[in-house]
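Here we start with a single chain on its own, the form predicted on its own, put down as structure tokens.
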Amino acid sequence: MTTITTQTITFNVFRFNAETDYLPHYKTIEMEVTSEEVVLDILNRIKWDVDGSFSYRRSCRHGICGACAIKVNGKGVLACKERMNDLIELFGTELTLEPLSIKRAVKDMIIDKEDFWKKHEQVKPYLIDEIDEHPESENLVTPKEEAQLLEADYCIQCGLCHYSCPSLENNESYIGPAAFAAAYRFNADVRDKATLDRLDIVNAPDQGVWDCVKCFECQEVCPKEVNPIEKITKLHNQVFENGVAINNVATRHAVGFAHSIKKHGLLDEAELVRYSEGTVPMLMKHGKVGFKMFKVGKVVMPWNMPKSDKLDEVKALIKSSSTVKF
């Protein structure tokens, strides 16, 4: 039999009303929290027991609608799924409740998601095909073809990955992980005929998949295990598979990475920079830093680059898994 425990938790709750407030403030509230409660229970109790004006979104309470996404101590969570005990174990007994994006706050936990929907719309997240208005049979998809979607269609558009993405935080042109997952979902659908159109969008400099920093935060926060970083990597491959890769630093970085692993079984970081940026630009941009690193033994010269003990196995793995010729 599981014992229900209780702890006293201090909550710093973000409060802001765009209609009346110039700046936000934080209200401190102490509560007895039981081991059975999730974050949404706390939001409900704040509104019902402490301040009826406290505002947040909620609907299904089953992790389906995605409406109740917020941040706790900077970590994106779906309030109806996230157990308080897990957060207390991670952060301790003082927790800060904030909306997904402070700069987009409308009222307390409620934000304006216009940017999210615009990015989503940008990648054409729908099937595109010439449809017979009077079909005589169904357009069936086999289980094998459906599996190619890699569960990208599980996305509930909660926005957790979008508002946790550091690339998007620093570059408003960047489309973002949720929209990229949607682009992959329809590019992987055998009924769709707009793959190249979407690749033109997601392959564009500044806004496209090559600006992903691969921090895996989108994978970490996704409540449905859509794994957006996996879909971004798939879109990288589609760019090469469809022959639309642009010869720039980003694509050369991907190619140089593969070449290094194939040649050494290890990553030759200095050569990767030279291959990606070119010899002269590399020297002009990184020459001073490179020289300092060389003096303290941080740069391995090409003739001294070690090889993996399992290089033959590494090459065999690359050969068996490669789907694209660069």
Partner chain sequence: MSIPIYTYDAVIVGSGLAGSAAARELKQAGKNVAVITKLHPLRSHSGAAQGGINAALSDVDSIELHEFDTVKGADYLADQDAVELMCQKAPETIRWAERMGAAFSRTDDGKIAQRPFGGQSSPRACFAKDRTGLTLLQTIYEQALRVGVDFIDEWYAADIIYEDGKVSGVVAFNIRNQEKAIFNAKAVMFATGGYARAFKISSNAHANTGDGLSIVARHGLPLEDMEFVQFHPSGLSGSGILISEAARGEGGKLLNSEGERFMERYAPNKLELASRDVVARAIINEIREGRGVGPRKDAVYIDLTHLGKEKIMERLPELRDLAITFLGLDMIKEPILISATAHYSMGGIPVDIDGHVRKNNDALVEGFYAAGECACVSVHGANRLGANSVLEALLFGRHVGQSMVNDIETLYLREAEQSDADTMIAEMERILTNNGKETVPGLRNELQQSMTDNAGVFRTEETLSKQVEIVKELRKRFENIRIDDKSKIFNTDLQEAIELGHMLDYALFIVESALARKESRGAHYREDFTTRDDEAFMKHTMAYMDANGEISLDYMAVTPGKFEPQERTY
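Think of the rigid core as the biggest set of C-alphas that the two forms share within 1.5 Å after superposition. Please read all numbers here as calculations on a predicted model, not as lab measurements. Numbering follows the first chain given and starts at 1.
Below, we turn to the form predicted together with its partner chain, even though it does not appear here.
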Taking I110, D153 and F186 together, does each of them reach its partner chain in the model of the complex with some heavy atom inside 4.5 Å? yes
Report whether the minimum heavy atom distance between H134 and its partner chain in the model of the complex is within 4.5 Å. yes
Even though the partner isn't displayed, in the model of the complex is P143 close enough to its partner chain, meaning a heavy atom within 4.5 Å? yes
Within 4.5 Å, heavy atoms only: does E89 come near its partner chain in the model of the complex? no
Heavy atom of K27 within 4.5 Å of its partner chain in the model of the complex: no
If contact means any heavy atom within 4.5 Å, which of 155 to 163, 206 to 214, 91 to 99, 235 to 243 contacts its partner chain in the model of the complex? 155 to 163
Find the only residue in L199, I229, V72, L149 having a heavy atom within 4.5 Å of its partner chain in the model of the complex. L149
Taking its partner chain as it sits in the model of the complex, which residues of 7 to 29 have a non-hydrogen atom within 4.5 Å of it? Please list them. N17, A18, E19
E130 C-alpha moves between the shown form and the other one by 2 Å or more, core aligned: yes
